[in-house]
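Read on for two forms of one protein chain; each stands alone as structure tokens, with the labels structure 1 and structure 2.
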Structure 1
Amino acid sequence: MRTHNSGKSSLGALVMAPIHFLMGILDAPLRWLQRATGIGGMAAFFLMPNMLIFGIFVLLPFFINFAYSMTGGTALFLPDRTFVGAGQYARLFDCRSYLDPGSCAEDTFWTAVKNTAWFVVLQVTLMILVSLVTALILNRDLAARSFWRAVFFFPVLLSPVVVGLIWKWILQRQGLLNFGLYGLGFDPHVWLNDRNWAFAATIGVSIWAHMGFYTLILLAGLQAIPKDLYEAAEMDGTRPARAFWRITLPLLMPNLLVVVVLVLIRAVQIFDEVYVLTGGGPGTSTLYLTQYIYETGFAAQLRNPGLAAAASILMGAVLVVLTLLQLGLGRSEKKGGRK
């Protein structure tokens, strides 16, 4: 036993030796930097790698994208493009009636905006409701509770392309759903060629694919609520529904706000599984804003990177505004609760 322990300690010392040597080399420069810049300078020094990565992969692409939105033509490289100022934005907003996409110069853009708006309203509402109900159920004392939690979280681990292919196999004309309906005596239906069913399918598939993640966030919030509050409410004869509205929902609000923001951002940016599942069809019934940006900038025969960049800037601005509004509402509710 002693020989075994001494062998492990010697192996640990051998592994740690290079680390101690490296730390010894860095110790003197770091001490000098701390004396020269103080604690604030050291904080900036350790933040610099993250800020550098953020600047290269977030800020720089944003400014390049904004520069593209001020140019026109089909050339891909920025120096070869023509400066048009706000012409691309004016083209996007050139409409007689914004409620009628057919009256717009870029009717496909406004069709995508309309589809995305409906998708966001329905998907975000249903996603939050389904995730909340699922979290409440999984928070109860169920048999094999860990198993059911894993089952609901499993789709989150799948690639969006895999999700789209699975449901395309289920919903296509000779797919699993029609096979089951035929076995029950019903006529098969071409689900993905029906505008209404295809739109509903994109909502249902996105909820199935991502609800596990949001359920996990809400479940963590539910488990953080002290059990004493429910016991006191039960002793006072409070009904379960009233306990939910008076105890569970207010204390779950911070987690719920995070879920709303994340679900909203994800819904506006929906692309992968829908592109694989329907390709934006039939017609333009499931054409969403991100797919419009992709096809305009990269997939169309006459590419227009400037128009695609302008549309992406507008989408980002809308996301920022909506997120700030939600955070502002959350803070005002928190202040109102304190009062």
Structure 2
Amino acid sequence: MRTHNSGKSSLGALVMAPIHFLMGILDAPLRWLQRATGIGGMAAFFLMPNMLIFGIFVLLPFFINFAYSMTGGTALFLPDRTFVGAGQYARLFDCRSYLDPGSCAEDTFWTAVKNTAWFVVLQVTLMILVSLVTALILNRDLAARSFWRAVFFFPVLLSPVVVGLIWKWILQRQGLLNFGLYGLGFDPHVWLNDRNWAFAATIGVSIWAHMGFYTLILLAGLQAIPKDLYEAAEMDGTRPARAFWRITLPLLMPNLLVVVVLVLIRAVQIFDEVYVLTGGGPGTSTLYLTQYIYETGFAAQLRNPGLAAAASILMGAVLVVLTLLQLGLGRSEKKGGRK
């Protein structure tokens, strides 16, 4: 595949020549295929590679995940594993009190569930607020708007590992934050060694990294609202706050719902930045579900793929419920929208 690189850019005939050559060679056998199978067969041919990859790497794992979650032992391949029925689920749910992770057989799982739940609630709320305010501000009559939009969008493209390292460096003992506080007369603090600050840092950093993306979607929604609605409201002497609640928010609802779904789904699966920033620590204070699954399935001394599979199915179920809930809300919103 690498011989004819960057066919996507127009680097001129020199680059295109080998591609044309390759595609030309493929033409003869494909003509033969077309004669043999007809045009319908060609449709299947075009669809095939994509569906094959989906089948092998998405659908197949999706279905055998259920089988995995019902087996035990440390063997990797399914036929070598012993059937334990609902044993893994029973182990995950073996708790004296669900509110106290310490009373559970799988206490790290419940710690991860509790941490993730708090993370989702706080991060999603703050993320929506921050993105919405930013989108409203960017939607104003600003000089150099595309520059300001770029400012907030910039971290979205950074890799989660880079994001994690940037902030790990800022929150170091001799980092920028302590430097700033030192200037104001405070003592330096090792932020990531403090359970609460580390937790807050994971929320703040994930908002910093992704808010630009959601701001963009909300901004597109705001710009689609006809300006004459606001002019009419102003003519009627409507106060700006009322215009916001009565015009902006209802008309922004479709985009807002999309954003809420996306933020929720991503928050439940949070992993990369946090893994680099805190590694789940200190202790287990920033251990979230995906990291629990990763460590149980791959990184722990005693790997337990069955338990990891069961936990991942529970997480998948939560994601499906959240999505359906939002889809349902979106529909009722549309029905009840015309008042």
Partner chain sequence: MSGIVRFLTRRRGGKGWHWTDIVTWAWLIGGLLVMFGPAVWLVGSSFKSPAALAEFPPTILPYVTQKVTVEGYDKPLDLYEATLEDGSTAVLAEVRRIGVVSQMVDPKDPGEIVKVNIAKRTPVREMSFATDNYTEPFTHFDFVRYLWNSVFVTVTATLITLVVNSMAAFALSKYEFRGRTMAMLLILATLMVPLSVIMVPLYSIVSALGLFNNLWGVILPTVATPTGVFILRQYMLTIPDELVDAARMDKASEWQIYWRIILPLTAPALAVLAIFSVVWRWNDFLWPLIVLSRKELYTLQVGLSIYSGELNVQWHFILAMTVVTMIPVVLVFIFLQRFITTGIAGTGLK
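Counting starts at 1 and follows the sequence of structure 1. By rigid core we mean the largest C-alpha set that fits within 1.5 Å across both forms. Remember, it's a predicted structure, so these values are computed and weren't measured experimentally.
> Where's the form predicted in complex with its partner chain, in 1 or in 2?
The chain shown as structure 2 is the form predicted in complex with its partner chain.
> Just want to know which of 301, 144, 140, 57 is the hinge point between the rigid parts that rotate between structure 1 and structure 2.
Only one option sits at the hinge, namely 57.
> Comparing the forms between structure 1 and structure 2, say how many degrees the smaller rigid part turns relative to the larger part.
Comparing the two forms, the minor rigid body swings through 28 degrees.
> Fitting the two forms on their rigid core, what distance in Å separates the Cα positions of residue 45 between structure 1 and structure 2?
Displacement of the alpha carbon, after core fit: 8.4 Å.
> Residue 183: how big is its Cα shift between structure 1 and structure 2, in Å, with the core superposed?
Residue 183 is displaced by 3.6 Å at its C-alpha.
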